[in-house]
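Below: one protein chain in two forms, given as structure tokens, structure 1 then structure 2.
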Structure 1
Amino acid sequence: MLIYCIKRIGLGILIVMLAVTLLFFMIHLVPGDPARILLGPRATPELIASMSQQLGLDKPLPIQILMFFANLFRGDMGMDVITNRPVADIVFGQLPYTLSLILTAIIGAALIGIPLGCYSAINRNSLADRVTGILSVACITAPAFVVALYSLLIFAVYLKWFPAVGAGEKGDFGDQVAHLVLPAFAIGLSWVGYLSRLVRASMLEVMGENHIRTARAYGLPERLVVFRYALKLAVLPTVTVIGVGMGFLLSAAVFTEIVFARPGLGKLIFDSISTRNYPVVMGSVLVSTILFVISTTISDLINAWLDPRIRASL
């Protein structure tokens, strides 16, 4: 297991380094001078030269890559060209908003989806199971931004149950929670369907295993068999799936933050694109990529810990 851990973490670091290199080349291989693109068409040659020097664009490409990595290693993602603040400060200032949104969405989805999947498995092939199955697929297929638009339209604009925009007043916990409900619902709905299908399939598999048959043969109550012995095992795959699903959650958060004008990484990227603030765009993409790689690595490690066969595959 230790060798697998070292190999998998090493692979994660290698992937992040390659992703950083890819991002670097994306910025530098785009037609045109990045400094000129950054400053817009009205920039004077002096201003462009000064910006090129500030960004290190006047140096040879290999030196630029090395400087890029060295700065990144120190946590320096460059300077925001508009506010002249460090990009890292801006990105990490927005990160808690996105993380709280994702966590609320996934916890809410797990609280609804897991019992729903369990109920479907227990009542297999019943009408309720079929209806749940169709609803689950409908939830999975509904794009997050469409759900966000409908929840905004129904619950904020027409019914006025929840606030429409923002993240709530700082220090007012109740207001912040109220502002979190609709965005978390928009992201979490597809996960309700996904988790319920996954738990149902997993439960059906576990319910057919020998230890469950033995528990039943001992005359244990069905409730105990289902909740203590079957569900415990059936829930395990969801833990690993959530890790791999971090990319989807981050993507869905982008749309949701924009629809609800809520601060976060997605909103930051969107706003930075309109002001052509590339260092902030790249810093945000980089942080979300690192977050995604960390979550998939953790998920793979948990998987390998649960299933020794996986350890041999790397």
Structure 2
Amino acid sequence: MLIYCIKRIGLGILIVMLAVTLLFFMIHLVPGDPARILLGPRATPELIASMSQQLGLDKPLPIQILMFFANLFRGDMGMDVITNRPVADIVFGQLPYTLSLILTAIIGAALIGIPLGCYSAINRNSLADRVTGILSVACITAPAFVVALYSLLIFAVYLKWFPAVGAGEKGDFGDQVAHLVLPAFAIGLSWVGYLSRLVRASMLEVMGENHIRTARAYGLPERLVVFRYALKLAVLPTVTVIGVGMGFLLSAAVFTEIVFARPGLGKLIFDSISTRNYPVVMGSVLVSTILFVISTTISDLINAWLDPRIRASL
């Protein structure tokens, strides 16, 4: 298990470096001079040249990416050219809002979707199974931004059950939770359907395996067979999907944070790209990539812990 952990963590570090390098080059392919956009149309050539030198844009792209990684290894993510604040302070100041949003969404989806999928598999082809299947497909096909708009309209504007915008007052936990419900519901609803269908399919496959029939032949209680032997293996694909889903939730959080006027990493990336603020874009993308790699690595390690056969696959 230790060797598997070392290999998987090393692979994650390599993925982060390759992803950041690729995104670095893609950002520089966007048309327009960042220095001219930041300074405005009336900027003199001298000011534009000075800003380009400050951003390091006067150097070749390979040199820029090497300088970026060299500064990163020293813990320096650069300075925001607009506010003159360290990029790390800006990014990590917005990170807790996005983390709380996606963790609430995925945990809520797992707590609802996994039991629904398990119940559907146990009661296969029943009325409850068919109703659950229809609701799951409906959840899957609902785009996050559409759910965000309608939930804002219904639950915040018409019913006034939850606040409409913002992230709540700092230090007021109840207010922050109230502001978190609708955004988390918007991006987590589709994952309820995904997890429900996945768990159902996995449970049906596992329930037909030899060790399950053997356990039943020995007269073990059905509840013990289902929850101790079947669900433990059926949940393995779900753990992987949850790890990958963290990355998709990061992208969905962009629309949700804009709709609900909520601070967060997604909105920060969107605003930084709009203003061509390269240092903040690179710092935000770097942290987002690290979060995605960490979530997938943790899911792989959990799978390897639950199923020893996976350890020999890497």
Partner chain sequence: MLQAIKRICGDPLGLVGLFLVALMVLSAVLASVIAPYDPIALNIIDRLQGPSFKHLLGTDQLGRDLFSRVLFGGQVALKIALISISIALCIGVVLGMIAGFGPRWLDNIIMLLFDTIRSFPTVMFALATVALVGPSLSTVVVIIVITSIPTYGRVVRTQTLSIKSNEYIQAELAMGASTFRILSMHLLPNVVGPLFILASMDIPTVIALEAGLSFLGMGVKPPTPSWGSILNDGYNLIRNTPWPIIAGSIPLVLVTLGFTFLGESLRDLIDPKLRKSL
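Owing to the predicted nature of the structure, the values given are computational and were not obtained by experimental measurement. The term rigid core refers to the maximal set of C-alpha atoms that superpose within 1.5 Å between the two forms. Numbering for residues begins at 1 and runs along the sequence of structure 1.
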key: Structure corresponding to the form predicted in complex with the partner chain   = 1
query = For T132, is the C-alpha shift between structure 1 and structure 2 2 Å or more after core superposition?
reply = no
query = On a core-based superposition, does L99 travel 2 Å or more at its Cα between structure 1 and structure 2?
reply = no
Yes/no, Q64 Cα shift of 2 Å or more between structure 1 and structure 2 with rigid core fixed = yes
